[in-house]
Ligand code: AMP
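This document opens with one chain alone, in structure tokens, the form predicted alone.
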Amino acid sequence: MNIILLGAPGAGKGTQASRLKRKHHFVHLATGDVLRLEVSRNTEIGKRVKSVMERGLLVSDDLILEMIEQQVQQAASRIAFDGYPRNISQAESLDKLMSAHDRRIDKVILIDVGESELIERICGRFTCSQCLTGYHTQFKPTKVDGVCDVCGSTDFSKRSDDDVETIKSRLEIFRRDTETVLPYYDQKGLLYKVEGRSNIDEVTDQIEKVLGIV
């Protein structure tokens, strides 16, 4: 089974993909993670990606697809694509790639969350600088104020782009580009919507019911 998790920034795609990896042995495939991995490993593709990024350019769809193909070839079983594809061109290319490797996209799940809640979620995120454990000022604060639950560090960081104006811009890009992918999969009978405003466990339950797994 190969699935796609779609949703606006902050909808919880990464969290749910990680749960599917841990509970049901999916390969969690997020393009951002793949990009960083290839660069850190200094692979041939990673060198090309690094060169593009150092020049302040966007990594092309073709280069991203090349990296995804490597991951698909290495995946023994289930794949959960996290936030990819982002547009119709990528969706069509992914279909061709999967078919070339005797695979297919079985279901596409949209995690639906309203804009005001997305902004609240993203603005409250922060991370332990030492062990990279993620927290939230409202939904997941540290047990002891200013101290990481996992490693005891008092050093935390916050993404520079987690501010209201930047988030609104990212949401606009999502609406403009990624939401055009929804009718593409809906016409194929693959699109399912889950209520993303529920708590994390309830969203997981919804996704598992869509996939028919427990």
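Computed from a predicted structure; not experimentally measured. Each form is matched to the other, and the largest set of C-alpha atoms that superpose within 1.5 Å is called the rigid core. Numbering starts at 1 and follows the sequence shown.
One more form of this protein exists, namely the form predicted together with adenosine monophosphate; it is left out here, but the text below deals with it.
- Exactly one listed residue, out of K188, R175, R36, K47, brings a non-hydrogen atom to within 4.5 Å of adenosine monophosphate in the predicted complex: R36.
- Contact annotation for the candidate site: D106, P183 and V210 all lie away from adenosine monophosphate in the predicted complex (no heavy atom within 4.5 Å).
- Only one of 94-102, 80-88, 111-119, 131-139 lies within 4.5 Å of adenosine monophosphate in the predicted complex by heavy atoms, and it is 80-88.
- Contact between H28 and adenosine monophosphate in the predicted complex is not found at the 4.5 Å heavy atom cutoff.
- Under a 4.5 angstroms non-hydrogen atom cutoff, adenosine monophosphate in the predicted complex has G56 among its neighbouring residues.
- When contacts are judged by a 4.5 Å heavy atom cut-off, D161 counts as touching adenosine monophosphate in the predicted complex.
- The closest heavy atom approach of I64 to adenosine monophosphate in the predicted complex falls within 4.5 Å.
- With a cut-off of 2 Å and the rigid core superposed, H28 has a Cα displacement that falls short of the cut-off between this form and the one not shown.
- After superposing the rigid core, the Cα of T180 is displaced by less than 2 Å between this form and the one not shown.
- Once the rigid core is used as the reference frame, the Cα position of G189 differs between this form and the one not shown by less than 2 Å.
- In comparison with the shown form, the Cα-Cα distance of R48 and H101 increases by at least 3 angstroms in the predicted complex.
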